[in-house]
Each structure stands twice: as structure tokens, then as C-alpha cells.
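Take a look at this single chain, the form predicted alone, given in C-alpha cells.
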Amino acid sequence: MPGYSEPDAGSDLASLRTEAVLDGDEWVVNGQKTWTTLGADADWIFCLVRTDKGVRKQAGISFLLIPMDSPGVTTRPIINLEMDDEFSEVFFDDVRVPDRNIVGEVNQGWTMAKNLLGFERIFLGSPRQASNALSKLRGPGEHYGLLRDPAFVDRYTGFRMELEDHHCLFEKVADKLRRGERLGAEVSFLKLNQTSLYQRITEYGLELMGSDSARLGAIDGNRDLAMMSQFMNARAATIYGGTSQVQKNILARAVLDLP
């Protein structure tokens, strides 16, 4: 389970304050992580922790593995709009972790985190979410008698074409990964493009449903007609794994050579 974000270190992750101090052959950890996915079910958490306060913030971070059953670890669920506890807050109070649980070199965790996030953005940039949302559009289209409506056909076809374009982009990046080549800023565009398309598809789904759009449960016994759940998930998709604004900044610097 990833231990990245903190209450005051989200998009500006390098500002994290969870601290690990070496005491003999153990690290003593104090701090808090938030938005930890499936935190209540995890056995381990990998944490970015501050191990040197005397250097620039990116340089004083290490990558530490912590068992969730360690004394001093407390997990509290975060209930989302769907009344689900997928996310948690995790607190560390004088948690002692063996020195051998440091991954890589001390104070080199930021480099490892950037590489991990790059791979995560490939996963988040997969066409899967947008493809699933598009497949569900036909349900409301049929239910509300819109499958032959020119406006519906035009929007649906446009989304299909965008999705095919994204499939091609995703395969291009995936092939690069399969060849063992270094990934660049294109992974940011991959996530940016997919999550934007995912949002626009789910927005249109709610538009189709009219007054039924706010319902979370089944409509006329059919759960596939309920678009609100996907709509809310699509809001979060542009935040987790690096916000859309962060992705645009990465592309601006790495591709457009902007300051």
C-alpha cells in the first residue's frame, strides 16, 4: 500500500513531514499519511519519510517499508460520497522499523518515488476506465429511447473515436516499456488524456439521465443505468496519481521547455 500523501503534502509531495530518525539499527517513525488506498486491509505500507532536514526537500527523503501491525500504527477509515471506506488515514507514533526495511539508499527515496509514479501513470492512463464508461452509455441511450437520436449518435461516435486514438497512444507507450526503454513525459499526457475523456463521458451519461442522474442505486432494477457512481469516480481520477495540473506542469517543462 502506498504511503505518499499527507494533509499538507498532496500535489507538493516533497513537502512531506512524516519523519524517520535512526536509533541504533532501527528507524523511529512519526507522522501521518492520508488517502491510503485500502489501508484497513493492507499488511504493509511503503512510505516516503523525511530522513534529513538539512538538505533541499527532495534530497532528504527515503523509501521505507513498514508492517501495518507494528506498535504505534493507527488506521482510520475515510468515508467517501458513496459511503465506502476505500481510503484511510494512517498515523505513526514512535513506530520502530528495522534499518533493513529501507529500500535503496538513504535519502534517495524521491528518485524511486518518481519512477514508481511514472509506472502508476501508465496504469492510470490505461483506456480501461474510459472504455468501461463508454460501454455503459448505451444503457441510458436505450432506456431513454435515444439510440437513433442524431445528437446521441454524434456524441457517442465522437467518444469512440477519441477512445480509439487513446488506445493507439497507450499501446505506443506500453511497447516502449516492453522494450525496456526509459519512459518520458508522455506518461503524463497518457494520464491527462484518459482522465479527461473519462470525465467527459460520465458527464454526458448524467446529462442523458436527466432527473434520474442523482440516483446511486439501480434504476428500474438495472444497476448499469446508474451513472452517478462512475461520475464521482471520474472526478477523483484527475486528482489521484498526480493532479491534472501537475501533469500539465510536467509536460510544460519537459516537452515545451517552459520555465
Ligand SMILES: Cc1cc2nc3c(=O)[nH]c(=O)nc-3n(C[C@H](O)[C@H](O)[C@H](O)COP(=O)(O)OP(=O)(O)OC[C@H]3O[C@@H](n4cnc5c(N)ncnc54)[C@H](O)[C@@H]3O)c2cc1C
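Residue numbers run from 1 along the displayed sequence. Computed from a predicted structure; not experimentally measured.
Keep in mind the form predicted together with this ligand is missing from the figure; the text below concerns it.
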Margin query: I'd like to check something about residue 229: if you look in the predicted complex, is any of its heavy atoms closer than or equal to 4.5 Å to a heavy atom of this ligand?
Written below: no
Next item on the list: Give a yes or no for residue 35: in the predicted complex, does one of its heavy atoms lie within 4.5 Å of a heavy atom belonging to this ligand?
Entry: yes
Note to self: Whether residue 245 contacts this ligand in the predicted complex should be assessed with a 4.5 Å heavy atom distance threshold; does it?
What the structure shows: yes
Notebook entry, point to check: Quick one: does residue 239 come within 4.5 Å of this ligand in the predicted complex, counting heavy atoms only?
Noted result: yes
Next item on the list: Would you mind picking out the stretch of 205-213, 35-43, 61-69, 192-200 that comes within 4.5 angstroms of this ligand in the predicted complex, counting non-hydrogen atoms?
Entry: 35-43
Check: Using a 4.5 Å cut on heavy atoms, which of 87, 91, 152, 159 is close to this ligand in the predicted complex?
Finding: 87
